[in-house]
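Here you get one chain, nothing else, as structure tokens; it is the form predicted on its own.
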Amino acid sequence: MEAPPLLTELADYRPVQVLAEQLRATTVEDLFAQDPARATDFTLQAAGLRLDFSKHLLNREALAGLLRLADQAGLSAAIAALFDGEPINNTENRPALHMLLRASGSHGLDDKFTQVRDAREQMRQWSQRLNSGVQTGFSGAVITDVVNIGIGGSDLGPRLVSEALQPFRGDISCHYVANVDPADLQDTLLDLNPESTLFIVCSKSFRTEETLTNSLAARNWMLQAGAGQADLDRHFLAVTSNLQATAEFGIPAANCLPMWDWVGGRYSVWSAVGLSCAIAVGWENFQRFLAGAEAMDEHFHRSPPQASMPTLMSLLEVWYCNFFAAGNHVVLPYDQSLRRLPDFLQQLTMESNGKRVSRAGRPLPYTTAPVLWGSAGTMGQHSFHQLLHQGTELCPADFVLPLTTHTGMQEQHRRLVANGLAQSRTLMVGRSTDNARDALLQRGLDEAEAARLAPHLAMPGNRPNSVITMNAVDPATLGALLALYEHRTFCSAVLWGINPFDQWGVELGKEIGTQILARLSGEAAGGHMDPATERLMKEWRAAQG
């Protein structure tokens, strides 16, 4: 994929900038009044999801301008290159084939699809083996608990999927450990029985410090409980590309599933990294999860830009980042099962697009990835929504709202939906100072006190937000939702002219961490540190007694 001009060098960048300036003087309510078809036309449906983007400070002319920018940035060609398996990860000369992991056909990539199909068969066998009670531990006890040990993409995706699909779970309980802080593993193991516990170690290199440290501690826990070295194959699986390291650890090749360098960690939940999910919800439900993502892939691949849900969401992201100086984006799932969605999307978007140079290595003169954050509704309404409504930061928002609940508690769900829709509307309409004063007068305050307090109750409104709905959180809609955000992230990268599939920014911290660990371990080869780090290392040594 050739490096096109930077965003600010595109022919329509300045005209779109002018449109943005003009729209600052209007309101979304005015836009609804001027365009009676807006509520219908500013919606899209795909793969079981519906996107309502009508509450954005965007009119048809501005949308057309953004679509022209996408065309000038070469978005259609970039999408074709992505699906054709071209090496679009130009710094590592690799394709990005995460779509192949959920595909039902090879799409011309026969060799790699054969690998995917073989890995799926391994996953199916292990999922069914565990869920049928065939797998036993060293004492003969049936495995009842699975602990996934990973970090980053080897943790966030599987953890989200397993929790989101809790209503579909089987008899195996799945747990997740990521932090090298010993409390994470220790707290997880407190209520588990080593005789009936199986670990899945997810690490491409089998050298990731946090994952390897936790895995060694888990192995020691198992050995101390009475398992022998020869029993470890009953209690450990690995998802990795380093079979030599797993053999040294005690995990035989038959217990290893593959990871490939053409799939980044944050895009890997569809692969064997998602084995814990397949175990948790059963193989048929995991296949539905893959199928939902494939349906979104097909929509993205075949739809024209103006009808493409990922493309429209990307254009909105660029619109606010680069034309309204919004440095953040909040995701608000109004469903407790999706509480991990913002965590997952943080890695997906910020590790992908947190870049300061173009694909060609040119410094960028504009903002790329916004800071992504959020939490499940309605908890945020009692914490950070104050900032959304009255703060000085512009925070574009995505409300994710399932229309039904698995709980059967319809009244509570009705209240949840009412809260979500109310927050979306309130962000748009706000409350003028005059309306705030009138409300205070109705409460019985006198004129002077109402005038004094009115500015504190006023809210500017015009805060942009999208509402993404689905009938229910199920394997297919969850797959489609995650794929939607993957493709949105890719489209934004194309518009910003960056490579979303590398993550060189994590390397230096690992190198310096190794040096500091050597120093804390008493090795002289750790290297010289700055005075502040030297002082903090000294404090740590003193605390050890």
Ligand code: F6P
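All figures in this text were calculated on a predicted structure; none of them were measured in a lab. For every residue, the number given is its place in the sequence shown, counted from 1.
FYI, the form predicted together with the named molecule isn't displayed, but the following is about it.
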His389, Ser424 and Ser466 all contacting the named molecule in the predicted bound form, non-hydrogen atom within 4.5 Å: no
The named molecule: the contacting residue among Ser205, Thr136, Ser104, Gln410 in the predicted bound form [heavy atom, 4.5 Å]: Ser205
Listed residue that, although the named molecule is not shown, lies within 4.5 Å of it in the predicted bound form (heavy atoms), from Ile151, Met350, Leu394, Ala227: Ile151
The named molecule contact at Ala64 in the predicted bound form, heavy atom, 4.5 Å: no
The named molecule contact at Ser54 in the predicted bound form, heavy atom, 4.5 Å: no
4.5 angstroms heavy atom contact with the named molecule in the predicted bound form for Arg60: no
Proximity of Thr43 to the named molecule in the predicted bound form, heavy atoms at 4.5 Å: no
Which of 292-300, 443-451, 355-363, 261-269 lines the interface with the named molecule in the predicted bound form (heavy atom within 4.5 Å): 261-269
Any residue of 480-513 that, in the predicted bound form, places a heavy atom within 4.5 Å of the named molecule: Gln503, Val506, Lys510
